[in-house]
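Shown next as structure tokens: one chain only, the form predicted alone.
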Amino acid sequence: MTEIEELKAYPADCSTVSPKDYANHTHAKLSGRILNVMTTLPTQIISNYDPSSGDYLWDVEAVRGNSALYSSQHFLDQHSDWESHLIAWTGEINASKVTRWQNGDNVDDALYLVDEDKQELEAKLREANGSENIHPVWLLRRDQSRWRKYAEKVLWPVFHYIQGQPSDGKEEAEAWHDYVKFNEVYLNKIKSVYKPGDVILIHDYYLLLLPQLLRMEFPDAYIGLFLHIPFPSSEYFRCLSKRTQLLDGMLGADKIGFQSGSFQRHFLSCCARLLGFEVTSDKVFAFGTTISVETLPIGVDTKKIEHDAFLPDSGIEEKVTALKELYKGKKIIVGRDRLDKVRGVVQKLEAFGMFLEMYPEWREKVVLIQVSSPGFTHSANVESKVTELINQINSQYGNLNYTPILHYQMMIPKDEYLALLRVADLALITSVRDGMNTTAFEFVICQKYNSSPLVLSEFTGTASVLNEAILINPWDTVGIAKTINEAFLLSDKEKQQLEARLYEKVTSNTVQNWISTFIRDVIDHSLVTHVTNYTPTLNRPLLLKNYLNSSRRLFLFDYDGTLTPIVKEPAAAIPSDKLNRILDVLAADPKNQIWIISGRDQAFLDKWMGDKNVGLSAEHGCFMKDLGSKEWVNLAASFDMSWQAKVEEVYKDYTEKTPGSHIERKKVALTWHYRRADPELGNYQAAKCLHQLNETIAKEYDCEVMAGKANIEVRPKFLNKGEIVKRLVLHPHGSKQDLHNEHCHSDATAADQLPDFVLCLGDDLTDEDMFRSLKTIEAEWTEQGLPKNEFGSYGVYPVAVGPASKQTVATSHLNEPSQVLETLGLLAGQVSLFESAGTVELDDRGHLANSESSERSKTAIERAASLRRKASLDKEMNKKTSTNGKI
């Protein structure tokens, strides 16, 4: 196996980013390595037959497609100061040949590769790519296409504005679980390669969950995500059932890049409308930090394309001459597209038919050569429509000596493709939705000496770069027909001027400049934002591991906005049936103690949670009711409450001034709600009310004025959720609470009586008190030298719920109450482990490591290896017998 020539790149024309640029930077601690993470390797594994030995051998060959992206990797590896590592799936292993063993068993080699096979193939992959830093991701399953299903059948259509068909959701759910596994397998591979200071670049829509997974594992990593396809408007994106998880996954990156400014705007709109995050034109404020967003169109390796297209003795010149002779006296329109719903092949054919109808003088003088590669399965009806249109146009305008449209459904060799671009009199690209169509760039380069015009759809990301091309609306059939005619009538001078402008754009927007700029932007933004604390998504699989390995579990839950969504009418925030069932399952486990710590009053909590085996704390810690008890204890009974009358007078004044607001009178705390008021008026009056209370009541009494979500609450300063949490955590697990004892000390309870798992969930500013108490307790346990669990922690999880635009002391976040239920359902055994992404160990077939499925696979692999060895020995014996017989 030798290095494949197609996998070589050219150096950049100008200086590019280098780790040396940051050598003197105070905060930059770069390793000098780039981890380039892609969907598939630029090479594929195939099965070849050796007729001399009669054996089937595994081999490696270059993959067609994604040439620009792969060129960026080859450039980094061959012409930069970075140590570049490529991490990617092998893709479907081409095992069309099935080895038939003498005993009649059939074993598909692609499914039963042993470690020795993989090591041999990895060596071939490294040699073919000309690099030692190739790290293949192995996923060996009989239905290898399963790993593409969610990306290609769910994400790709929606991202290209194609709405899916209604279904029962079962197939999509299975595809989602595989998508989660696909991203988790990548995480495991990266963990085996990563070093602190590495810059991780993640490419495209197959890996949208990976940035957040990496952020869970490596909080300080430099992470960039580039989406090479369009990003849809929020009205389309919101149709995805997993929209929150996908956005959450993407926002694990420091920098997110898009091909077009419109794609960037759509993404920001989704973050604001669907997650409630604050955004600017190029930033998202989330998880206690800032995620930067940019438009950075990819280019191509212009030098390599030009070299290949005009290389003497390559055979291309002969092909150009042959094509000119074959279509002598005719104009050649060239199109190359994938045969799917968004490349606009149908629109192209209809426009060409209209052109021949409107301009009869061009009949028998123009041919359209359309080269099409296979599309996705959900675009199958496109092929039949294309065939129908071609037959119709050819029969209407063709004859024995003239065929208007020549359609080639194949991946043509590279030299034929370049010859076609060189000989063309016009390139026609009519995509109805596209990311970056690199065919347009390649055509401009190939037309360096011929200057044929490019007619380009305004709906492709390429139009943002080649904005001086002849732009068309692919839905305007008549308009395209007129444009084709006008393009053919351009003078040589006009064509040369147009080509010069486009050529300058293409050669200044190379793939070398693109990858260099993206790396620099990722690093520069990270150096600014990494000084703040990023709050990653809760690693739910790791949470489950901690839960299953613990015996003293304590759950601390806020109510509104955590267990139930925030609603305009507080009385309507009733627990769902799903929540009730999950809480009942968790509460039935003797290892578990559940406490609901809410700002709600006793009556509300008694009504909806009073019949459950849970502890209750009302009015932010002013009242408590222990598990199994029917009596509430007023922790504020011995304190001066005369402040309540004065607060109520202030509230009454603002209630009169603010229609839609009202006062909630609790036994201890008083709350003014303005959620149902006009938002602008409510916020204005709330700011004035808050200022007045802080300047009067807060200074006269030992009270705390708290601004919540569309409410202001006044309560005793000495009572808050943090004090309640401290009391519950430091109390011997499983024993009755001494609610009259105010003093809690971290060393008062033996280590084996303290909880070894604490999950604390809250969404409001008042819940930060709970998180702070837990962090303080953890610090005290560390100082006392209390032993940690096998995962290196005390099993304490402070989790902020809701749009995490604000800074929080919580160590992780969930976006909404539905994710809370999903998390609790996972612990209760009612939700799949792969419903959300996290740290999960998988084998190279996508099975949970050490699971029953994984062990069965190991047995099958060992059996296949044994059969192969036996077949090999039998073949050797037969050869010897045959040789002896001849002698």
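Note that residue numbering follows the sequence shown and begins at 1. These numbers were taken from a predicted model, which means no experiment stands behind them. In this text, the rigid core denotes the largest set of C-alpha atoms whose superposition between the two forms falls within 1.5 Å.
The form predicted in complex with a small molecule is left out here; the points below concern that form.
- Residues within 4.5 angstroms of the small molecule in the predicted bound form, judged by any non-hydrogen atom, belong to 558-566 and to none of the other stretches in 687-695, 165-173, 197-205, 558-566.
- Contact annotation for Glu235: none of its heavy atoms lies within 4.5 Å of the small molecule in the predicted bound form.
- At the 4.5 Å threshold, heavy atoms of Asp763 reach the small molecule in the predicted bound form.
- Contact annotation for Thr90: none of its heavy atoms lies within 4.5 Å of the small molecule in the predicted bound form.
- Contact between Lys625 and the small molecule in the predicted bound form is not found at the 4.5 Å heavy atom cutoff.
- For the options Arg363, Lys657, Lys788, Arg675, the one in contact with the small molecule in the predicted bound form, meaning a heavy atom within 4.5 Å, is Arg675.
- Between the small molecule and the residues His85, His74, Lys721, Arg540, the one pair within 4.5 Å by heavy atoms in the predicted bound form involves Lys721.
- Taking 2 Å as the criterion, Arg665 counts as shifted between this form and the one not shown: its C-alpha moves by at least this amount when the rigid core is aligned.
- With the core superposed, Leu471 shows a C-alpha displacement below 2 Å between this form and the one not shown.
- After superposing the rigid core, the Cα of Glu217 is displaced by less than 2 Å between this form and the one not shown.
- In the predicted bound form, the CA atoms of Asn711 and Leu275 draw together by 3 angstroms or more relative to this form.
- In the predicted bound form, the separation between the C-alpha atoms of Tyr179 and Leu761 grows by 3 Å or more relative to the displayed form.
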